[in-house]
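One chain follows as structure tokens, the form predicted on its own.
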Amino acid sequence: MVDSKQQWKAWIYLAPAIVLLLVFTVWPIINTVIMAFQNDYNAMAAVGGQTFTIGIENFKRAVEYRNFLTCLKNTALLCVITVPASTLLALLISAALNSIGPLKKALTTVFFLPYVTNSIAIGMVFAAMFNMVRTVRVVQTAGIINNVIMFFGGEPINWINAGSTYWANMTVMIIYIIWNALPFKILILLGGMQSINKQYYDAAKVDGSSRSRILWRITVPLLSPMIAYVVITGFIGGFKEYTSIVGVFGETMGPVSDKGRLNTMVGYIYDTLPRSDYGRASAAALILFGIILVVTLINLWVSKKRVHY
């Protein structure tokens, strides 16, 4: 506790951070809520002193926009597939890393490298890996993935270029997002595993329990708080997915032949900004906030019944 007579010093030290948070975090949130509920909001008109009626017209326009449902579907699909898959894969990798002695630190570092790498740069690498450029009959260049497929006698797949299918594009994004999400989850789960009391494992070994039984009956229940944390943060991050798709497809958010095919809710919000349609963008941001809030509350409700502290 800070002495009550010295609290003014603490406030002085905190003042710069508080001012920055108020200016760049708290006020933009408040302003977003204000703009979302002002019908036909126009920034230039607002600067000139024009007032707007209060209502939900911006929310109607946001929902009725032609790409809204596509963006919502893409966002939900990426979350539903990538979050459980990446969590399960991170759990298995963490258990494997925790069970080996030599090279544990080196392998942990290797798995953590994508976390400190720029997402756009990683996306460009994935675009090159899944690339395929054709002439009329001959494949001129192909990424490493298609080279592997052709090495085993298969036909190259048009993953991301013009004329590719929706599910080919989605497969690339799912692989990329899962791979990009692993480092953080592995770090959290591995740290949790190393804090589990070894007596539980010693008792299980005495009883002759198999490794799989130890994993699912001891490790997972004792690790459930960390698992709940990575699942909740995974859904929050998944609903804000944007940079990964830009990294692979660029600003078109999809193949040239079908621009915007993989657009997400965050991409939908960004698309409205060049048109200065801040009212609709603010409404879409609040809709996304509401979705994330509901999903988070559901996860918290489930975690109360499944998590063992």
Partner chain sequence: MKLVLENITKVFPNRNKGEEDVVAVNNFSFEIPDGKLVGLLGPSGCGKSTTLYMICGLQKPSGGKIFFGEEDVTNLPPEHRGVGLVFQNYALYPHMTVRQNILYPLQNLKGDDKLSKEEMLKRTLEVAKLVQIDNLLDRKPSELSGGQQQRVAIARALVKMPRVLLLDEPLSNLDARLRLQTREEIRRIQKETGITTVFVTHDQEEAMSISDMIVVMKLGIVQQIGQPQRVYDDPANLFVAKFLGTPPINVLKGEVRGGMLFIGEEAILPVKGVADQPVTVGIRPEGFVLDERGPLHCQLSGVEVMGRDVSVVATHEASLNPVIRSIISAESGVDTTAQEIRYSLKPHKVLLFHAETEERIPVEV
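Residue numbers count along the first chain shown, from 1. None of these values were measured; they are calculated from a predicted model.
Quick note: we don't show the form predicted together with the partner chain, though the next part is all about it.
Chemist: Under a 4.5 Å heavy atom criterion, is S209 part of the interface with the partner chain in the predicted bound form?
Modeler: Contact with the partner chain, yes.
Chemist: Quick one: does Y166 come within 4.5 Å of the partner chain in the predicted bound form, counting heavy atoms only?
Modeler: Heavy-atom contact with the partner chain at 4.5 Å: absent for Y166.
Chemist: Any of the heavy atoms of G191 lying within 4.5 Å of the partner chain in the predicted bound form?
Modeler: Residue-level check for G191: no, no contact with the partner chain.
Chemist: Taking the partner chain as it sits in the predicted bound form, is R217 near enough to touch it, meaning that at least one heavy atom pair lies within 4.5 angstroms?
Modeler: Residue-level check for R217: yes, a contact with the partner chain.
Chemist: Could you work out which of P84, P156, P221, P114 is the residue within 4.5 angstroms of the partner chain in the predicted bound form, going by heavy atoms?
Modeler: The option sitting close enough to the partner is P221.
Chemist: Considering A203, I144, V125, V110, which brings a non-hydrogen atom within 4.5 Å of the partner chain in the predicted bound form?
Modeler: If I apply the 4.5 Å criterion carefully, the residue I get is A203.
Chemist: Only one of these stretches, 175-183, 91-99, 194-202, 233-241, has heavy atoms within 4.5 Å of the partner chain in the predicted bound form; which one is it?
Modeler: One stretch meets the cut-off, namely 194-202.
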